[in-house]
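Before any questions on binding or motion, here is one chain by itself as structure tokens, the form predicted on its own.
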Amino acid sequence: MSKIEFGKGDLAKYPFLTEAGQYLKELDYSLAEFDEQSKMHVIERAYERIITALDGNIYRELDDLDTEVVSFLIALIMVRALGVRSVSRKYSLGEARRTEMFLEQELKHESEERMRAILTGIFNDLFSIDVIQENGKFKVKVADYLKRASYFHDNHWKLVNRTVNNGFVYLNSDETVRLIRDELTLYIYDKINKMELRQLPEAIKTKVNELRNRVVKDAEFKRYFTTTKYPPCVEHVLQVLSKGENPPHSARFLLATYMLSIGKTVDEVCNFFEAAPDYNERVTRYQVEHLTGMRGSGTKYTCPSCEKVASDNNCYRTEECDGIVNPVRFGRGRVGSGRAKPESG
């Protein structure tokens, strides 16, 4: 198949493509130019992209193609300069969802030639997944499907519930696009982390400071810094995560099993790990579900004892612990705002 070039309209939809980088070189902008009043609209658009993603919405603007391509790059720079990993991840996910929206539309309504260009240029070139169009459906190899869908918790994605024939799994357009969302999120997140920033224009610095103030006020991020009623060992793990650091495996196990023990749902427990630098949505969900017994051997894991927590160097005992032998006994009647069951006996 001959290589089909993407146009400016495509680059505005998919600004992470290699071709978009080449287009930016042709525009020959220098960062210093963004201190000029004529470029302020691009910085404002970049800020809008970030805020839209942090609010959990999809940025849909597509009216000024040059602005869309350049604002994506400026948004990456701003998020990198901010240096808050949870913001980087959430922004990356927002851009992945935007891409997902455009891909779903194109795989439904575009010509077969155009679809083949997308399947080659994005699915195959970027993520090494060979998607074949056949009679209005799409099919991928079973191995490629399992590599991605095995982490989706909905029964709909289990192989036994899919149409499989001659080593291929059949999907509709939306399902095909959903397969690569996590990989695209990581791809954009990786782009942010690999950026090396030197001197930034004052106009971008000002906007980054505005973004920082906005993030600090945001309840979703502020919650990491608030005092909790959790035992000090669990609170310490949350503080490590709030700093964008990776807690050790034993601390993650403690946090997850403790939260499950006091009645938190799998979704709620997964959310605690969003701030970890190595966070991966599907892997985290799989691991948390494994702890509940929903995965693997069916074994349900319980919160480790205080003795075990201490031996793992995760104990930060205070007087409030009051001689308890397991973290789940901390502040009985207070932890979980009434969700924890009272002890028997």
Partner chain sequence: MEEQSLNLVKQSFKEFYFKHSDYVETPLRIEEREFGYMQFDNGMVRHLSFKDKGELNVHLVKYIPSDVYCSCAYYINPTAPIQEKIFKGADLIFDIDADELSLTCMKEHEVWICNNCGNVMTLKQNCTKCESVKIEKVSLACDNCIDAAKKEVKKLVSLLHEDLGIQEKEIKIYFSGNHGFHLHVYSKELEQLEAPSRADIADYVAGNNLIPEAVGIRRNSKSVREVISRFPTIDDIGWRGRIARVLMKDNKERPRIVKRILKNGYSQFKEELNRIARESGAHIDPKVTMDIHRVFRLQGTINSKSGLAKVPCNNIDDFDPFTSACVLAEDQVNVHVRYSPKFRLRENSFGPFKEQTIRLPTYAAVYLICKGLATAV
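Positions refer to the first chain, counted from 1. Just so we're on the same page, rigid core means the largest C-alpha set that superposes within 1.5 Å between forms. Because the structure is a prediction, the values reported are computed rather than measured.
Not on display, but discussed next: the form predicted in complex with its partner chain.
Check each of Lys194, His156, Arg198, His109 and return the one that places a heavy atom within 4.5 angstroms of its partner chain in the predicted bound form.
Answer to the contact question: His156.
Consider the chain as shown here, without its partner, and state which of Arg212, Arg116, Lys141, Lys229 has a heavy atom within 4.5 Å of its partner chain in the predicted bound form.
When its partner chain is considered in the predicted bound form, the option within 4.5 Å is Lys141.
Is there any non-hydrogen atom of Tyr47 lying within 4.5 Å of its partner chain in the predicted bound form?
Contact with its partner chain, no.
Flag Val283 as yes or no: does it have a non-hydrogen atom within 4.5 angstroms of any non-hydrogen atom of its partner chain in the predicted bound form?
Contact check for Val283: yes, within 4.5 Å of its partner chain in the predicted bound form.
Heavy atom of Asn161 within 4.5 Å of its partner chain in the predicted bound form:
Yes - in the predicted bound form, heavy atoms of Asn161 and its partner chain come within 4.5 Å of each other.
Please determine whether Leu146 contacts its partner chain in the predicted bound form, using a 4.5 Å cut-off between heavy atoms.
Leu146 belongs to the contact set for its partner chain.
Looking at 116 to 124, 167 to 175, 257 to 265, 184 to 192, which lies within 4.5 angstroms of its partner chain in the predicted bound form, counting heavy atoms?
Result for this chain: 167 to 175.
Examine Thr67 after superposing the rigid core and state whether its CA is displaced by 2 Å or more between the shown form and the other one.
Not so; Thr67 is displaced by less than 2 Å.
Could you check, with the core superposed, whether the Cα atom of Thr284 shifts 2 Å or more between the shown form and the other one?
Result for Thr284: yes, a 2 Å-plus shift.
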